[in-house]
Structures are given as structure tokens and as C-alpha cells.
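Here you get one chain, nothing else, as C-alpha cells; it is the form predicted alone.
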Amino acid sequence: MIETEISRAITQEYFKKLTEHLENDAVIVGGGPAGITAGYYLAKAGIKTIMLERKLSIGGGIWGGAAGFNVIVTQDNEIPGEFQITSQKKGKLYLYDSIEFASALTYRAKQAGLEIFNLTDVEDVIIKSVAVEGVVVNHSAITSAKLHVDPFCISSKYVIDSSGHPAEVVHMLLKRKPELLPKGIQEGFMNVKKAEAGVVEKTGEIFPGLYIAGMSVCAVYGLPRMGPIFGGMLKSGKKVAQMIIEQLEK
């Protein structure tokens, strides 16, 4: 029966993909611009990398542009140009259609070898000894419905928190290690110039085995928010990938 054949093909392929990625070099939590960019460069370098995204779609806040006006900007075109995203120069800014931008990032990352699991929610981190060594995950539908269903685990040498404004993985650590960030997690007032520079500068390891990228950096270090400008996000993703590549090469 064709219906059964379809079901068998889908489930067998999915669980093959999942079991092959229960152990990884890098796990990226959050499929926004920084996370996708990090995944692209890691996968391109031959690093076994997966991305976990709780939502159905990948791309984070890119899709909506500003207030639903689906146009976004960067201050330079270096990384978008590498992804072959159509741009338009206007003054000192480069403009992009946000739909093409999110789609192109995702497509190029997948083509580079990044494995993406959407509808997958990270509930907790795994810490053995003194370092983060993986994540605890569940299906998003289960966590959204607040059902008492046990999760499963995915191990990794490095975890990247690119979950955006909530910095969710760091927040999980703070529940048990509040001394890590005595002031907690909170972004400052809007300041594009300061945020764009700071998000790249502060990208890095926040706890052994745990790196932060993108808006998670702003939240963790109290940097300003920046709105629909994404150059800093992309550069943060590239930087964190390069840092992990260097660690693995050692």
C-alpha cells in the first residue's frame, strides 16, 4: 500500500538521520541568523554539526523584517555575498528581501552539510565534571502541551547558544549556577552601533563547552538591542564557528 510505503520511507530516513547525530562535534541551539551562519561555516569545515530549532521554520526573526515589513539591512555585504543573497545598496546600507535572506541562509547551510532538526526543544544541558557535553531534548509539541513525557539526550563536544533574546541555554545554567551571571540576563536599550560591534566582540565561550552567539550575546552581557540589522549576527555566527574549529584542530 502506497500510504504505508510513504510512512515507512519517512520514518526510516528520519530515525537514521537522528541516530547518526546523537553524538556530534557541535550542537547549535536556535536557528536564527547567527546559528545558521555558524552551522554553515562549521559544516563547511567538515565539523559534524547539528542545529536544534523548536519552531517549524528556520530563520528566527529574519522573516518578519521590521514590524512585519519583510526587508532587512546590513552595513556590509561580505557574508550575504558569500551566500549569494540579492542585495540593493542604499546609502551606507545593504537591503535584502527577508524571505530570500532566511531561505538562502538555510539552503546554503544545508548544502554545506549542516543537519537541522526543527520542532525540537532543548530542555536542559548535560554537564559531566565541569563542562557542558550535550543537551536534553524533547519534541516541541510535547513541551508546548506541558505533558509529562521524558526527553532524550544528544551529546556534543561543544554547544552554541544562539537562541536569541532569552539566551535559553545560558538561562538553564543560571538556575543551578546563579553566580555565573549575578546580574542575570537582560538587554539594554536600542543602540545599533554599539550592539553591532559588541555582539561580535563578546561572542565566545561563556562556560566550559558552551559558546554564545547572536542576540544571546547581547542578553548575557547586557548589550543594547539592535532591531532589523543583521550584519553583526552573521559575523558573530562566523566568529563562533572559527573559534570552535580552532579548538577542534588543537
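In this text, residue numbers run from 1 along the sequence as written. Small disclaimer: the values here were computed from a predicted structure and weren't measured.
Keep in mind the form predicted in complex with a small molecule is missing from the figure; the text below concerns it.
Participant: Based on heavy atom distances of 4.5 Å or less, which listed stretch (76-84, 149-157, 116-124, 96-104) is in contact with the small molecule in the predicted complex?
Facilitator: Stretch with heavy atoms near the partner: 116-124.
Participant: Even though the small molecule is not shown here, does Leu174 get within 4.5 Å of it in the predicted complex, heavy atoms only?
Facilitator: No, Leu174 stays farther than 4.5 Å from the small molecule in the predicted complex.
Participant: Since only the chain is shown here, I'm wondering whether Met233 would be in contact with the small molecule in the predicted complex (any heavy atom pair within 4.5 Å).
Facilitator: Result yes; Met233 sits at the interface with the small molecule in the predicted complex.
Participant: Quick one: does Glu133 come within 4.5 Å of the small molecule in the predicted complex, counting heavy atoms only?
Facilitator: Glu133 lies outside the contact set for the small molecule.
Participant: Even though the partner isn't displayed, in the predicted complex is Leu52 close enough to the small molecule, meaning a heavy atom within 4.5 Å?
Facilitator: Because a heavy atom of Leu52 falls inside 4.5 Å of the small molecule in the predicted complex, the answer is yes.
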